[in-house]
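What follows is one chain in structure tokens, specifically the form predicted alone.
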């Protein structure tokens, strides 16, 4: 489905899509290849809902803005779980306290507007994909049955004390392994993590209702005009930054 980019630009000027807040890094902790960071923003900045993301960039520095899921959000404060695998992520994770950060958004469709509300969900997360699922669990405990979180190295678990996370290098157990043990018929699934993990879930639970995957892709503009994050669905090309990031497994057959 081809979209006119003017649609996105018009919507952007009428909504929050060009709004930006000047934030400052308030805290940061690094463990392994990950960091947990808190950024203070103006209280007028709209707090992202679970599943939404923001674009971040350093006020000083050459790196382009990048999209980040939100671990927790409240008025004047955003928290992130960052995988330190790129120039901007490395800089954010290791920046000095008080470093100025430009925050733009929020973007994307909140998870709660995409899912069925008549069942409870097992939240399956891998790596930094755990972040938006914890955000969802905190906001919607009545929709959360259990979690199935896993990482390769223990850094994420060290940064999220008290969260039940399997560490593959310690016991060989993955998020997918935990999901097999904790899911049962009648429950839904919300999954976010590396694409191989999402493919396995989409293949195994393809026939089950209320199974959703949150797709990670490189986001450009964030509001749908550039269409660079488009993915194929049964109803045509859809933009991860506008129609997503959450899709029912039945909508994205290429994952299977």
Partner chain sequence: MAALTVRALGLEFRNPVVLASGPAGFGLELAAAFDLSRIGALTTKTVTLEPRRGNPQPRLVDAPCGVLNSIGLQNPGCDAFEVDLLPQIRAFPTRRIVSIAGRSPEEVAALASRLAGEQGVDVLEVNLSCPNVHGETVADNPETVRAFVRGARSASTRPILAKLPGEGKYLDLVEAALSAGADGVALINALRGMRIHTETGLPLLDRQVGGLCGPAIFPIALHRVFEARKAFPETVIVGTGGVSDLRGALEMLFAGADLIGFGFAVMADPTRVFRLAQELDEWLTKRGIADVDQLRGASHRGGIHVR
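Numbering follows the first chain given and starts at 1. Here the structure is a predicted model, which is why all the values come from computation and not from measurement.
This next part talks about the form predicted together with the partner chain, which is not shown.
- With the partner omitted here, the residue from 198, 37, 229, 70 that has a non-hydrogen atom within 4.5 angstroms of the partner chain in the predicted bound form is 229.
- This chain lacks the partner; the member of 114, 104, 178, 157 within 4.5 angstroms of the partner chain in the predicted bound form by a non-hydrogen atom is 104.
- The partner chain is not drawn, but in the predicted bound form it has no heavy atom within 4.5 Å of residue 48.
- Although the partner is absent from this view, residue 64 contacts the partner chain in the predicted bound form, with a non-hydrogen atom inside 4.5 angstroms.
- Contact check for residue 57: a non-hydrogen atom falls within 4.5 Å of the partner chain in the predicted bound form.
- With a 4.5 Å cutoff on heavy atoms, residue 27 does not count as touching the partner chain in the predicted bound form; it lies far away.
- The stretch in contact with the partner chain in the predicted bound form, judged by heavy atoms within 4.5 Å, is 211-219, chosen from 27-35, 211-219, 40-48, 186-194.
- Shown without its partner, the chain has 236, 237, 239, 242 in segment 235-249 as residues with a non-hydrogen atom within 4.5 angstroms of the partner chain in the predicted bound form.
- In the predicted bound form, the Cα positions of residue 63 and residue 34 lie at least 3 Å farther from each other than in the form displayed.
- Panel note: the distance between the CA atoms of residue 62 and residue 67 is smaller in the predicted bound form than in this form, the difference being 3 Å or more.
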